[in-house]
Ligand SMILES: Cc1cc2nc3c(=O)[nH]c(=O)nc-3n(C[C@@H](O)[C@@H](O)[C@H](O)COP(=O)(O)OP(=O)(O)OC[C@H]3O[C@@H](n4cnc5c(N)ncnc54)[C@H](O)[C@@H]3O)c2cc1C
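Next comes just one chain, in structure tokens: the form predicted on its own.
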């Protein structure tokens, strides 16, 4: 691991200022479950000169309800979401997604902000420097996406624009289905709000230098909704999703007032299955409707040489998620 300066920030404003002054050569650290691996493997040509530790910043680990929304601090751990009575009563989808992440040890250390902002798991992007030297790619700004002509079995089937690495965050998928927004703090004391799905661009996050994710705000459904999160992995329960789905249905007897269906593991960002939502919205929902929603969810998918199997998994998971919402 390369040497760097380590500073423990006492406040969010101080952390943003330190990162801004570092001029793109600083990184923030919370639980460290992703960052430490990135540093040890030396996946970037230039390592950070400054690490800003956020763990001493107070007030960013709370989960609370204020009016018609739940507020979740960026330093809240995944384990705290998993055991939250408030979330189990209001946003069970988020509890299911948090529980699906890694192992108990990872959930104890990993934070909400870290899960949302972690780097992609593409094996070309994360190729360890000590194994065979540096590997460039489009996301690193050095060469084309190597997955296009290489081994792309875990890459995207929707929305790739040059880079086909997928968003690895389970929380991002669930929070998108719940209509959540993130509150981003800037080095000048400013705050801006971004929908969770808009946090992700094709090759990076929408965070500017010196900006940090401070809080997630999730609207509490006005009426009880049926929610479920399903995840297909190669090795349960420790792996990242090959495909995942978050579903939230606002039921009215056998009918469906509204629906949000979001896929993970298939795109550089959480993928809204808008056509599947249209199938469900406004009519009665049964097993046949669930099957049609599954078909609609994968319409327009563009697989590469090795990842067409993801389409069948996504179709099946959407159908199962809708059926789970019917049975809830």
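Residue numbers count along the first chain shown, from 1. None of the values given here were measured: they were computed from a predicted structure.
FYI, the form predicted together with the named molecule isn't displayed, but the following is about it.
Although the partner is absent here, residue 100 lies within 4.5 Å of the named molecule in the model of the complex, judged by heavy atoms. Under a 4.5 angstroms non-hydrogen atom cutoff, the named molecule in the model of the complex has residue 27 among its neighbouring residues. The named molecule in the model of the complex comes within 4.5 Å of a heavy atom belonging to residue 238. Contact annotation for residue 277: none of its heavy atoms lies within 4.5 Å of the named molecule in the model of the complex.
Shown here without its partner, the chain carries 35, 111 and 212, all of which come within 4.5 Å of the named molecule in the model of the complex through at least one heavy atom. Among the residues 78, 157, 72, 93, the one placing a heavy atom within 4.5 Å of the named molecule in the model of the complex is 78. Shown without its partner, this chain lists 244, 115, 227, 176 as candidates; in the model of the complex, only 115 has a non-hydrogen atom within 4.5 angstroms of the named molecule. Contact with the named molecule in the model of the complex, judged as any non-hydrogen atom within 4.5 angstroms, is confined among 252 to 260, 81 to 89, 204 to 212, 219 to 227 to 204 to 212.
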